[in-house]
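In the block that follows, a single chain appears as structure tokens, in the form predicted alone.
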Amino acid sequence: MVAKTDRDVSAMAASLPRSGIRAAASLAAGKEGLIHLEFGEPSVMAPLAVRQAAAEALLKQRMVYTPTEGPPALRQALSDKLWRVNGVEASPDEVFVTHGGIGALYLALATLLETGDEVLLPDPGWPNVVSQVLALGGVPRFYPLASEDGYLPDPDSWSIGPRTRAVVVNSPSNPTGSVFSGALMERVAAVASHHGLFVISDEVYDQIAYDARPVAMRPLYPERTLAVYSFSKTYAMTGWRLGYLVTPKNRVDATKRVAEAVYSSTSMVAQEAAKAALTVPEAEIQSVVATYHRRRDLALDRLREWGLYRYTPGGAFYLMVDVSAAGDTAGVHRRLIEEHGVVTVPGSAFGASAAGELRLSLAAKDEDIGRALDAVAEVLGLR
């Protein structure tokens, strides 16, 4: 017989907020025929070469444990990709294969934070990072992003105190799709350097940009940049759960210690698929990006038609839509599901400053995006 205790779970676990994205999906669970715009889920399959490499590995290789930091061949291929695509010079020893991009973020934070350390986070921003900071005993501090500024930050206005340890930046951004200019990245680096901060640069959408190539942070601030990447978005490999962290060499050992404690190593099947993904021709990638670009423009045209246009996302595949005129964003969210079969995410899932907004994923099919925007307009009484 198990003795009764005053608590069944830790205070940390009990206090963590639920992901608003997952909560939105839960509201739609069990309903058929819905248009799903809540997840950043590419509507295409992973490239054929990726799927073939995985199938061949399963058939011909014995699936075994791999090095915690990832196999040397994959880390070399990632080092080559970083230089070729991102202009980032990083040796294979500085590239760490992780359990998805979220695993890279966790390792970056876990090797930095002591209890009470503060991390500057974007608002609106991807909510999982907030939970990670809390789980590690850190203190989230938020810097606001506004639609009238294109959801771009002003680093000179950041409130930086004696316990501020790091700042998280995200370009191209989830949830806004904003892309930092080179000049803005330089300002981030200058402010971080002046205050001795680490920069955790979330570059998961590094190859999904429309108007200008995203600028990487590491070349501007190599000594204290931890850069996060993923196979999920560019290669439509969300379910393969593989990402990578680029970290200064003097942090590799600490990163390995944390990874060993949390997940030991990543999937060998996913690693074989990832090696194939890195050989996919650039033209194939850009063809998919062009599809996202077209969907963005389709969405913006509809928003202009109803007077809802506010900004142009420069990358990723998301759009924030202002529904504050309805007065009850949660109510709009529920009505879209119940009356129109459209699943979005309330802006409050991404931060207090986005409480009057909805995030829509533009990774869905053209017709689904059109129908979803029609539904938003109808709920707002605009058509």
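Keep in mind that this is a model prediction, so the values were computed, not measured. One-based numbering along the sequence shown.
The same protein has a further form, the form predicted in complex with a small molecule, not shown here; the description that follows concerns it.
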Tell me which of 137-145, 300-308, 99-107, 70-78 has residues with heavy atoms within 4.5 angstroms of the small molecule in the predicted complex?
-> 99-107
Is the small molecule in the predicted complex near all of N86, F180 and Q207, within 4.5 Å of a heavy atom of each?
-> no
Looking in the predicted complex, any heavy atom of T266 within 4.5 Å of the small molecule?
-> no
Residue contact check: K275 to the small molecule in the predicted complex, 4.5 Å heavy atom | no
Tell me, yes or no, whether E94 is in contact with the small molecule in the predicted complex, where a contact means a heavy atom of each within 4.5 Å.
-> no
Although the small molecule is absent from this view, report whether N170 comes within 4.5 Å of it in the predicted complex, heavy atoms only.
-> yes
Identify which of R251, R165, R295, R241 has a heavy atom within 4.5 Å of the small molecule in the predicted complex; exactly one of them does.
-> R241
Among the candidates T291, Q271, S232, T111, the residue which, in the predicted complex, approaches the small molecule to within 4.5 Å (heavy atoms) = S232
